[in-house]
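The chain below stands alone and is given in structure tokens; this is the form predicted alone.
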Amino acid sequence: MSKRESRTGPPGSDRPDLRAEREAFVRSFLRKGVELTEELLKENQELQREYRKLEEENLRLRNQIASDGAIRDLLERIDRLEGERNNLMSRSNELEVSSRKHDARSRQVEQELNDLASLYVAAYQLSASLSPRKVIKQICELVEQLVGGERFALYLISADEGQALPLDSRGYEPGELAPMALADGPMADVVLTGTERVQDDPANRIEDVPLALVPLTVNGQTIAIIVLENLLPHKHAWASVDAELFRLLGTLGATALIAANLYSDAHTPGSALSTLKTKLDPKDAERAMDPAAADVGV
């Protein structure tokens, strides 16, 4: 065997070193493929993780955008509702003010109606009384029930004697009242002038002075006087209608007393009418029935 044959071996046979190199190359190639595959798998996993992160971020951003839009819508709606609330509050305040005014006006009208009713009752009671004693009783009941007098007296003025004679009273013991001399003082001034005298504040009254002195006058002459000392405990101030009641009692009370006295002297309505006819001059009656004469003061 030659040296060349010994190195190369027989023809058609592989050399051991080439097989080893081929196997090493194949194993190296496969290992590189595996490593490359593993690297690709790792990169794929990284990309998937990045993709999921991007999806989550995208979803978060979409939710945030939607949330921001909803917040803006909510803020706009809140502003709109706040404006409507302010309008409703303003309207409510206006209605409340209007309601208070309406209630105040209703109370005022109700008070005025009550006052008119009181005046009507007083005028009717005085006009319907046909006896002096009944007129005196009605005057005292009106002072007690409508004015709220607790302690008062009605005096008849006797100018000839210069005295005030007690006719009726409330709040006094029997026999406590006596005729009073019309000397200088508040009563004498009221009888002389025919002008009532009333203390402004019953709660802070002037002691030893009547709360009210109300003269009953006819043609400027005082025929009787109401002396009011105290009001009922529940009444601490004058009502708006009290002044009108005092004026009504001062005029209608005096007229009712005189009319009742004349009626009682006539004894019957027929005789009273006859007495009235005899006291009327026919010419005076014609003038009284003539409106033109009444207009010119004849």
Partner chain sequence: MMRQLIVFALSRIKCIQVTEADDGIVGLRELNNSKFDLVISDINMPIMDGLKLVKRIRSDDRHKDVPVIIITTEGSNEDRERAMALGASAYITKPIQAPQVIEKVKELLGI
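Numbering follows the first chain given and starts at 1. Since the structure is predicted, the reported quantities are computational estimates derived from the model, not experimental observations.
Only in words, not in the display: the form predicted together with its partner chain, which the text now covers.
The stretch among 220-228, 144-152, 193-201, 85-93 whose residues place heavy atoms within 4.5 Å of its partner chain in the model of the complex is 144-152. Taken together, the three residues T251, I258 and Y263 lack any non-hydrogen atom within 4.5 angstroms of its partner chain in the model of the complex.
Contact annotation: E173 falls outside 4.5 Å of its partner chain in the model of the complex, judged by heavy atom distances.
Of the heavy atoms in L232, some are within 4.5 Å of its partner chain in the model of the complex. Contact annotation: S129 falls outside 4.5 Å of its partner chain in the model of the complex, judged by heavy atom distances. Remark: N114 counts among the residues lining its partner chain in the model of the complex, judged by a heavy atom distance of 4.5 Å or less. None of D79, D103, D73, E110 but one reaches within 4.5 angstroms of its partner chain in the model of the complex through a heavy atom, and that residue is E110. Between the options V121, L156, A188, M180, the residue in contact with its partner chain in the model of the complex by a heavy atom within 4.5 angstroms is V121.
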